[in-house]
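Just one chain is shown here, as structure tokens, and it is the form predicted on its own.
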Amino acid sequence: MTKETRYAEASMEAMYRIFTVPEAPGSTLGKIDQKLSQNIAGFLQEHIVAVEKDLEELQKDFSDSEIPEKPIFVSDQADFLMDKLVAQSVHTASPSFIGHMTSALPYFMLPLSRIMIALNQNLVKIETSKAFTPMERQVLGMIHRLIYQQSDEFYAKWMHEPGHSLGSFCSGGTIANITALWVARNGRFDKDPKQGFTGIQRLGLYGALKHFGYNGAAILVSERGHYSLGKAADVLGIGRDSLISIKADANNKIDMRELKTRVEQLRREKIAIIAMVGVAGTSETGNVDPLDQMADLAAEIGCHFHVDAAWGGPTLFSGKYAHILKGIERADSVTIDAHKQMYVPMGAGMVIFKRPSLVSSIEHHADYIIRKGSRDLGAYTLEGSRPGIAMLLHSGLKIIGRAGYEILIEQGIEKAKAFADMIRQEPEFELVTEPELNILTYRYMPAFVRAKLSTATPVEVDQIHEVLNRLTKRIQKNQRARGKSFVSRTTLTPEAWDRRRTVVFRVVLANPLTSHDILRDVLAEQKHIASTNACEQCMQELHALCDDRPLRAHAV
């Protein structure tokens, strides 16, 4: 039965009340606040319903486009949110939610977030942020030091220097990557006043290419590069076709031989190479490009070297595994997402610049707010108004510390290795990509299919792969709908299978609460699903293909 909506009278007195008087402890909102304060994990476990509900059914609760004329009561809205929103939200903090890059949060992030929200600071300008601005500059300095390891004197000079910045906070890796490539583009076409070129900022990309005699511009990245780089190519005016995708090798790292070939080709064609992007932790497989070799090539041709380390950057905290990112310290800019492996709530991306003067190429000012020569960070950000989320990373860096982050990073990598071993020991699974960091991919492959593939013709391999791809999709969708655990899926083109399109399960192991027992349960559930009616048709087709019986018709 639908609860009847109660309305209140809109008045100045009522407006004053909602800005000044908190809800009573016994109200719905009061109870929520108390439960969240006492036990956030317990609250989520109790209120987030794991079983998937059809999206079209959910849409019915959010189908009214008319704004209510009269205010409703706060508790009624809280009841609605609990029933219709919270109950159908994704339990990203669950230790069995291992399919994406969102994880559990430290308990202290919730009360500290309340402080941030209550203060409602705007980091575009010191006048709306005061102490938050030097704090954000300090955090950028800490992350800069993690990457570049400059001297005490360097940070004493540049961390708070007006007209300079060691980086920018933003809403996530997409904006960070766009900002880095914006800096790269503007720096590539620097002002040439003697020849009448006032800069790309004023004359645009067409004017810059015309002035310097280029036929176009390009950005180079592995085929495993994040989709945000395509957005950057679009926004910056070079076009998505000029984001040059370089094939990945058998280990999902950029193929250096092809990269060098494409660089030579572009230079012959008089195409300006704006930037070369190395990936430190690909979204699909977690692999890291050969950053040192890429830095050598970027230095040789004189282009900006950017590293997208949105996922893998915090590996630098680990004394044991930091070497995987060797060469990142040579990058001109680096993207890191604090809301991934630094366990900060969503909306905390950063781009860090090796040289504090690099941001001058994108500097913007306005007389009424961000004046030239001020310490305002809004002069160097794509976004204008921004929350003070650096406060939460500042707290994480202090409360967790370098040693704490080292433990978190290393347990994730070692857990991924342990899970890879579990998969290898299961005759019904195939490990597709080995974990270099803490992401791996695999798929369900019965032993009789594996035996057939070892002797199958290319045509037979194609047929079997097509069925395995559909089987993987069905297992993944069914497991998600059951609500006990979640792994994601993606499509790769492994060299081991002659670059055939291969649908795989993708697992991300960053949650410190995920145990080995949970991982064993994930595999057990997938095996069980493969034996149910949901997968019966695919299994029959595989038996037919592997036993050389006629292939039965199947629904697409």
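Predicted model only: the values in this text are computed from it and were never measured. Don't overthink the numbering: it's just position in the shown sequence, from 1.
A second form of this protein, the form predicted in complex with a small molecule, is not displayed here; the remarks below concern that form.
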{"query": "Contact residue in the predicted complex, chosen from N252, S283, Q476, N438 - any heavy atom within 4.5 Å of the small molecule", "finding": "S283"}
{"query": "Residue among A420, A481, I362, M101 with a heavy atom within 4.5 Å of the small molecule in the predicted complex", "finding": "M101"}
{"query": "Contact flag, G172 vs the small molecule in the predicted complex, heavy atom cut 4.5 Å", "finding": "yes"}
{"query": "S242: touches the small molecule in the predicted complex, heavy atom cutoff 4.5 angstroms", "finding": "no"}
{"query": "Contact label in the predicted complex: D289 to the small molecule, heavy atom within 4.5 Å", "finding": "no"}
{"query": "Partner proximity in the predicted complex: N177 to the small molecule, non-hydrogen atom cutoff 4.5 Å", "finding": "yes"}
{"query": "The small molecule in the predicted complex: contacting segment from 90-98, 331-339, 351-359, 289-297, heavy atom within 4.5 Å", "finding": "331-339"}
